[in-house]
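Just one chain follows, in the form predicted on its own, and it is written as structure tokens.
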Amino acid sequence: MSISHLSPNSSALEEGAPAMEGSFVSAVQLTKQFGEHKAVNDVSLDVAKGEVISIIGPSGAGKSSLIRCLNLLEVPSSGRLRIGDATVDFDTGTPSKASVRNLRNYTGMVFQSFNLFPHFTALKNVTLPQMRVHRRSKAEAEERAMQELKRVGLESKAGAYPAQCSGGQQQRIAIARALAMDPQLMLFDEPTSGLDPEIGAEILQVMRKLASDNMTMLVVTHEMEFARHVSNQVAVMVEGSIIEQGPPEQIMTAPNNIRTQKFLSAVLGR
């Protein structure tokens, strides 16, 4: 499976295709400060239902911090965030557990590291969160887990432990685990980082299928071909801020910001 296979067949994913109307995710002036350092600096971002936004930029730009803020794994220092009908205003203080839970109910998160329980099988890794969070019965959770393992092409690995799976298979199990929680927004933080290109392409193919199924997605990625051919929008982050955002073809071929030009010249010229 090569990267060139990522070009979407669906017209809804054509380069620069307009997003569906309406804002499903709205971040307003989000800031995350660690001491004197602003990892996320006054970021505003709107995402329509069914839209795919890739977030690119140099290392240390704050991309992962932004994604973690959107799932409240990092609580923003200030700003406002709405996902679906769940809204949190960080200017009024630390959000309540209930508001955090309401917002997280909309999201699924896939990390650079797979974060699987090594002593659980793939099936149990996907089943257990459903039982704990959604209070599903074991039978119901296992049925849903098998559906999602099949969706990512790993039905046959249900009884395998993480150590018996390749890195790409472990990441696909992690994606199945997130999908089994019924998210309306999928957040990906460098999901192919550390994987060799062939295995990384397997993950990208799963993500491409999710995009063609109209899953709303925010993807922190260094995979420029994915950003170019699957995204509706590309956002460029530098020093904690989004410095430029637009349709992939415009960002990749005619960026306006000199920092974007410098970054793309470095990564595309390799």
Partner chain sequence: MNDFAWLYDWPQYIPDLLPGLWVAIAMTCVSCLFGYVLGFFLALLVEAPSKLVSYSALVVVELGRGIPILVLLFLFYQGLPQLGVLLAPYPAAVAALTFSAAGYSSEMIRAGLGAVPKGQSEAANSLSMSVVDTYRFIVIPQAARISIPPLVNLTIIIFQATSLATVITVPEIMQQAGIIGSATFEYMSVYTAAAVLYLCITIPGAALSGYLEERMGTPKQRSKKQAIKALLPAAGKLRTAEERQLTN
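Note that the structure is a prediction, hence the values are computed from the model and not measured. Numbering follows the first chain given and starts at 1.
Below, we turn to the form predicted together with the partner chain, even though it does not appear here.
This chain is displayed without the partner chain, yet in the predicted complex the stretch 103-111 from 144-152, 103-111, 193-201, 77-85 comes within 4.5 Å of it by heavy atoms. Proximity of residue 68 to the partner chain in the predicted complex: non-hydrogen atoms within 4.5 Å are present. In the predicted complex, no heavy atom of residue 99 sits within 4.5 Å of the partner chain.
Contact annotation: residue 129 falls within 4.5 Å of the partner chain in the predicted complex, judged by heavy atom distances. In the predicted complex, the partner chain sits within 4.5 Å of a heavy atom of residue 163. Contact annotation for 113-149: residues with any non-hydrogen atom within 4.5 angstroms of the partner chain in the predicted complex are 115, 116, 117, 118, 119, 120, 128, 129, 132, 133, listed in sequence order.
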